[in-house]
Ligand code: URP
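We begin with a single chain expressed as structure tokens, specifically the form predicted on its own.
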Amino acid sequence: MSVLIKNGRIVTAESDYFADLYIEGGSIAAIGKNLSYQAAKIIDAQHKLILPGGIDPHVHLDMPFMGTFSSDDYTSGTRAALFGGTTMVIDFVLQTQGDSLMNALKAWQGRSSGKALCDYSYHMAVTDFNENVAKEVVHMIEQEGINSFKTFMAYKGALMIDDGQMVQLMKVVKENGGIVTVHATNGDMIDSLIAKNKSEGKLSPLYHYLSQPEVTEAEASARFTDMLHYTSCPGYIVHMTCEGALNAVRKSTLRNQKLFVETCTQYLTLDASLYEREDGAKWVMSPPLREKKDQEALWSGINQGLVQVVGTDHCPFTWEQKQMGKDDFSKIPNGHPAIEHRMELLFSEGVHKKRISLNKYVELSSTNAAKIFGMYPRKGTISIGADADLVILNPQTKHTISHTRHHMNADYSSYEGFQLTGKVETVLLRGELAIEKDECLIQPGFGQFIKRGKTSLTI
């Protein structure tokens, strides 16, 4: 379908101007003033922003965890993403220890094939590195279009690899043009603190937070940067939460390392006082929410260029699922619903409150992820030939977040009652109208798996 968008303000990571957009064959075909193309659909975007479709590089859809599954599958999760202006997500394939990467990939393909509404890709989580897995890493990059490899410095016995395996993985990934990402927390220290708190009968959600103090993340982040420096491998720290970890990254800049950092909307807007509420289990996630001073550090880190991406770590569970840990914080499924609110939260809390510029907003929500994970300029920008993944956002519309209106498969919202300024009104995915007038106009299976090229190290 051909589409002509008139009178909008187009904002990318590099530019900000008024122009029309003509879309044909799923791509952006023309940009200019007063375009006169005949189109099947004409959209008037006067007084509105036209932005690149959002890219959330950190989601967990239909993920097995702690004896249950995250409550959003590929259909409900990607539909919710589109309502919030996210047109592309990257999920995590989890290798089972003792099994192959390929078998894990096939399992996730079974969960996603024919079900996604927005476009998607995968990170490959390596939980058991050996010679056979090293060969599979090369295959994933060269044949499957997966260039990012997740590692865990926590969850011993299930997901964690040791530092020796980490270094060997880094060497293989570096040689073949990929990137290593990490959940950077000190698992041994956390396990010890969990055991101590449980032995003392301290079982409420507050002790989930107190079992993962800031030092556990700061130490692991610093150790990860040192291993990256030793191997010269590019790296990416997911869901950074705190000032101590950010300072470890700040030190790494003295060595001119190829290191990128992601934080998430919850760490910019919520704090650990929520764990003292009766329903504190709603915010049990790992790493946990931190203090107000950490929020300020992260916003500063964004403007200092130390934090490049804002994701969600979307891993929702219903309140019934959260009740698995009502008598023991260590049994509460970790995660929260967030995929739908990322773009609007970041706009309202960032741009509207003058913490970040519009161009920085586009960097954080789309462009940098596209560059880091090998999708740019097909994704993450507005340019001739790029996929017509576009968001039309009204910067003046005020609205309130409520679980009664969101589209995620969760019966509560982590951001209940948040009053936002700026609302996504229209979303296009590869030139097709996906969201218009609060309706989803595409069906499961429209979303495509996007093969990714080698990572770009300049953003």
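All values derive from a computational prediction rather than experimental measurement. Note that residue numbering begins at 1 and tracks the sequence as displayed.
Although not depicted, the form predicted in complex with ligand URP is the subject of the following passage.
S.K.: Could you work out which of R342, H183, R290, H123 is the residue within 4.5 angstroms of ligand URP in the predicted complex, going by heavy atoms?
M.R.: Exactly one listed residue reaches within 4.5 Å, namely H183.
S.K.: Quick check on this chain: which one of N368, Q295, N334, Q321 has a heavy atom within 4.5 Å of ligand URP in the predicted complex?
M.R.: Exactly one residue meets the criterion: N334.
S.K.: Of the listed stretches (189-197, 246-254, 358-366, 147-155), which one has a non-hydrogen atom within 4.5 Å of ligand URP in the predicted complex?
M.R.: Result for this chain: 147-155.
S.K.: If the criterion is a non-hydrogen atom within 4.5 angstroms, does every one of S273, K282 and Y415 touch ligand URP in the predicted complex?
M.R.: Judged in the predicted complex, none of S273, K282 and Y415 sits within 4.5 Å of ligand URP.
S.K.: Taking 4.5 angstroms as the cut-off for heavy atoms, does D119 touch ligand URP in the predicted complex?
M.R.: Result no; D119 lies far from ligand URP in the predicted complex.
S.K.: Wondering, does D91 line up within 4.5 Å of ligand URP in the predicted complex on heavy atoms?
M.R.: Contact with ligand URP, no.
S.K.: So in the predicted complex, does C315 come within 4.5 Å of ligand URP, heavy atom to heavy atom?
M.R.: Contact check for C315: yes, within 4.5 Å of ligand URP in the predicted complex.
S.K.: Using the partner position in the predicted complex, report whether Y37 sits within 4.5 Å of ligand URP, counting heavy atoms only.
M.R.: It does not: once ligand URP is placed as it appears in the predicted complex, Y37 has no heavy atom within 4.5 Å of it.
S.K.: Using a 4.5 Å heavy atom cutoff, which residues in 228-257 contact ligand URP in the predicted complex? It's fine if the answer is none.
M.R.: Sequence-ordered list has one entry, H239.
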